[in-house]
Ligand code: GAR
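One chain is shown next in structure tokens, namely the form predicted alone.
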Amino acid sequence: MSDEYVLPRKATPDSPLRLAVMISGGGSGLRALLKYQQEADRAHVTTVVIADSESAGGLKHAMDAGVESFSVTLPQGLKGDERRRAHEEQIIGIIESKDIELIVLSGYMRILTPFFVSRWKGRLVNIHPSLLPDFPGAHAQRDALEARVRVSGCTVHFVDEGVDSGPIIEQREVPVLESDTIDTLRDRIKQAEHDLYPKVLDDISSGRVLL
């Protein structure tokens, strides 16, 4: 494992950072990011979208925005670590062929291996629907409700070799209501994510985020 973080270059609207956005589902965060980038000149641009499923709804958002997209599914005929490695090698091939400078995980539900993370550490970010280090993992909203916390939220962080354990960049608090269900809390946190993530990408691209 590598402990070294390499941040992307400082970009400008005239020379924006080239992003690869990785998704698994409907891509509401991707849609919000693309809208944000279309509203004004930003120091980052979504160059390619990569989904781990051909049925990922977010692929349509890429198509509608004229952004090149790929669905990279798990290869057949392989198992375990060999299968994960082959899958990630396909993704790396796309990323490198497009001269990507920052990888943005946006609802990407697969855990990336140390093989992948070590190549992109410092240039690989994720958004998680809790105030990390509280409630890591795939069931953050359920866990927050079961813990009866009054405040949850979202966290943008650099990805390391652990699960939701990398250095925190910024967080946004969201109230937890007594009437909340998993769905209502998820929707409220998503609204905060859609506002926070593009602005954090502004900060990273402009060199305002340091490690």
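These numbers were taken from a predicted model, which means no experiment stands behind them. Residue indices: 1-based, along the sequence shown.
Beyond the structure shown, there is the form predicted together with this ligand, which is absent from this document and is the topic of what follows.
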Contact stretch among 28 to 36, 169 to 177, 63 to 71, 41 to 49 - heavy atom within 4.5 Å of this ligand in the model of the complex: 28 to 36
Contact at Ile92, Ser118 and Gly122 by this ligand in the model of the complex, all three, heavy atom at most 4.5 Å: no
Contact test in the model of the complex: Met109 vs this ligand, heavy atoms, 4.5 Å: yes
Contact flag, Gly137 vs this ligand in the model of the complex, heavy atom cut 4.5 Å: yes
Contact flag, Ile103 vs this ligand in the model of the complex, heavy atom cut 4.5 Å: no
Contact label in the model of the complex: Lys190 to this ligand, heavy atom within 4.5 Å: yes
Heavy atom contacts to this ligand in the model of the complex at 4.5 Å, residues of 158 to 173 in sequence order: Asp164
